[in-house]
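As structure tokens, one chain now follows by itself in the form predicted alone.
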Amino acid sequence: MNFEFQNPTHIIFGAGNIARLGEVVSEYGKKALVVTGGGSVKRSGAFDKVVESLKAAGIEFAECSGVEPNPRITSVARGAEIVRAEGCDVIVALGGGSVMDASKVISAAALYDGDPWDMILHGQENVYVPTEALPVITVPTLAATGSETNCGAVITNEETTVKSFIQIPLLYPKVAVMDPELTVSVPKDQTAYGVCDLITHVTESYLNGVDNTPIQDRLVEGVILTAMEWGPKAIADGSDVEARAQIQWAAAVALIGWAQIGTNAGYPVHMMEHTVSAYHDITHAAGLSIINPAWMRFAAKSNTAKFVQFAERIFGLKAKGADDLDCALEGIDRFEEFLRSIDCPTRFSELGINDELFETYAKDTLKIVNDGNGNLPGRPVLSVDDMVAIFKAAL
């Protein structure tokens, strides 16, 4: 292992902590842009709690609502315009991963005169790397992406059908106010998708990374087992604050960086899914729950020992040896069964997606990320034909 690590986000975790938001925001500015999604935060009462806390601290605010589930670059540009027009000096991201991702890019776009799409990696010759951004305070209302404590953001350009990312230290949120009580109104399907999302974050690094990362491995396994234990409880009873708290913390831990440091891992499942959801606007985690098991079965043939470890430590299976492919595949089957048990889709056909554009998905994915030899980074690297085979296996 050879790495550097820093995560500067200050985390305030626990039920009732939304009341502290105003005092937190007051440390960074006097007028906030509150970014929200489609309206669930207003129906649940979360928005009212935010407003109450901001007003109590003397913080003025403007609002940018309507951020899409796969956030559009047009919403980012709209948010940046509101910041400039209203004189906002701090951003509060109230919502799920899409709202938090959009807020991060808004924070930089508001201080940039050019097209915010310049910041998003999409195969362009010159990527604009922002050097300044407004402070962002994240208030997650969904346990899923871990965006509240990392410096990445995924944005879609609806005109070009491209979904890609930016990841730079400048975009770390200053503070994450994580109150599990804000997540109790999340419906069963979105709760389940969140569980799938957070698990996929750690299986990517676990199964695509270098060997000999035992601490990271145990951390990943703990995240997966926690999600598999407490996720179904939160799905069954949304008002179970303890279950909500456990999966919210698991989601944050999954992508805060601890599991990934030193692994030098690629994220092939995420890259492939980004392309699919750019075309079909499906829920990100629904795409992950379809592609990940299919990718696992493909990758297990070349990285059998790690998949055997996954099968033994997560599902208690007993392998004949490190090269026991049957055991590895049984572990993948058990994982897919878990996804089905929480009603996540595991086949494209469940979402009405056929094989017409599989080769297009693969080629478009390589336009965003490739290893210089025409392959998608991961373990193993994937050619266009490999990706098409994985897509077909998930049909």
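Start at 1 and count along the sequence shown; that's the residue number. Source: prediction; values computed, not measured.
Not pictured, yet referred to below: the form predicted in complex with another copy of the chain.
Please check if W258 has a heavy atom lying within 4.5 Å of any heavy atom of another copy of the chain in the predicted bound form.
W258 belongs to the contact set for another copy of the chain.
Since only the chain is shown here, I'm wondering whether Q190 would be in contact with another copy of the chain in the predicted bound form (any heavy atom pair within 4.5 Å).
Because no heavy atom of Q190 falls inside 4.5 Å of another copy of the chain in the predicted bound form, the answer is no.
Going by a heavy atom distance of 4.5 Å, is R84 a contact of another copy of the chain in the predicted bound form?
No - in the predicted bound form, heavy atoms of R84 and another copy of the chain never come within 4.5 Å of each other.
Indicate whether W249 is a 4.5 Å heavy atom neighbour of another copy of the chain in the predicted bound form.
Heavy-atom contact with another copy of the chain at 4.5 Å: present for W249.
Just to confirm the contact call: exactly one of 277-285, 215-223, 95-103, 157-165 touches another copy of the chain in the predicted bound form at a 4.5 Å heavy atom cutoff, so which is it?
Going by heavy atoms within 4.5 Å, the stretch is 215-223.
Residues of stretch 1-40 in contact with another copy of the chain in the predicted bound form (4.5 Å, non-hydrogen atom):
Residues within 4.5 Å: M1, N2, F3, E4, F5, Q6, N7, P8, T9, H10, I11, I12, F13, G14, A15, N17, R20.
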